[in-house]
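A single chain comes next, written as structure tokens; it is the form predicted alone.
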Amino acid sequence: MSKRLISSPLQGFTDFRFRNAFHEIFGGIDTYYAPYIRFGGKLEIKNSYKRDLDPENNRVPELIPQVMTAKAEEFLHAAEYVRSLGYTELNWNLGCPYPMACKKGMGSGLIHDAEKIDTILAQVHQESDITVSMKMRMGYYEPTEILDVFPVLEKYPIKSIAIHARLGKQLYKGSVDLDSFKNCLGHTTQPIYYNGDITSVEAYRDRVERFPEVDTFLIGRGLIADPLLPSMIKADSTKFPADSVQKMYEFHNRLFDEYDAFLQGLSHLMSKMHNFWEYYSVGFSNPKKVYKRIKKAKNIIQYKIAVKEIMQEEEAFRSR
């Protein structure tokens, strides 16, 4: 059975610029989830979401919009908007672990309220023909919280349930709970996707062996830390291709140029790239040293010199 790979979105990073560059330079991802639409008190789609979902801006094989909300009217408004753009599926984010969202009963903070989830899904399916898929954690406090939600989801034609094998309160800390994820597989007849700590080909192979009935796997932070990972998974290889560093440099330069053209001011650009390297540096042979050098760069000239030297050193390391 052929396995599919989905890019799990990372708010502030995996926008259309990232997705297009990633697909064209690295490939390996079959479907991309867009970062979630969120409303700020008004039923208005922000311009940033409009740019990100505009079909003219996206050149990836498949893009699925996502919404994070605890209100049916917001869900329906997002559904109407994405349908107007030609999308047929909307992913509901019940996986976000950030406390500010969870305290408002959104993201993984809603998983414990199966009755509310039922009410929202009932209204959405009554008033919209949008296909609904789910992105969830196993709970916020306990991994058994999701078990009460499965009977609710069974009432609706949910396309898929992507489960991050952590709790909301963990954020991204600690280990994934593979036993609790395995338990989920026996409590629903709906398709379940796996998400959580696929950061290497070996980790992917382990998950496939543990969960042979799962045919789709999500890669989140690992996509930025090691953008070659999806194509290496598809090639079933643990060896970097000969042009790996060249591609990483090209990817960086593409993103830098696009953010430079879009962002206002050098301070915003430098902040954006520093945040990017917090993840990107993990894929290098000496992550701490790499990130420290990036952080020390106080202007564009210093930054570009640091990046060039980092790439040269990594090329030499991988050529040994």
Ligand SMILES: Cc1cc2nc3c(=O)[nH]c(=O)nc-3n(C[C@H](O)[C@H](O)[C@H](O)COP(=O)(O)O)c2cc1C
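Quick note: we count residues from 1 along the sequence shown, nothing fancier. The shown structure was predicted, so the numbers you read here are calculated from the model rather than taken from an experiment.
Another form exists, predicted in complex with the ligand; not displayed. Remarks below refer to it.
Checking 212 to 220, 106 to 114, 185 to 193, 237 to 245 against the ligand in the predicted complex, the stretch whose residues place heavy atoms within 4.5 Å of it is 212 to 220. Put simply, Pro65 is far from the ligand in the predicted complex: not one heavy atom of it is within 4.5 Å.
Shown alone here, Gln11 lies within 4.5 Å of the ligand in the predicted complex, counting heavy atoms only. When contacts are judged by a 4.5 Å heavy atom cut-off, Tyr98 counts as touching the ligand in the predicted complex. When the ligand is considered in the predicted complex, Glu250 lies well away from it, no heavy atom lying within 4.5 Å. Only one of Tyr32, Tyr280, Tyr36, Phe26 lies close to the ligand in the predicted complex, with a heavy atom inside 4.5 Å, and it is Tyr36. If you check the ligand in the predicted complex, you find no heavy atom from any of Arg19, Asp52 and Tyr87 within 4.5 Å. In the predicted complex, Lys135 is the single residue of 104 to 138 with at least one heavy atom within 4.5 Å of the ligand.
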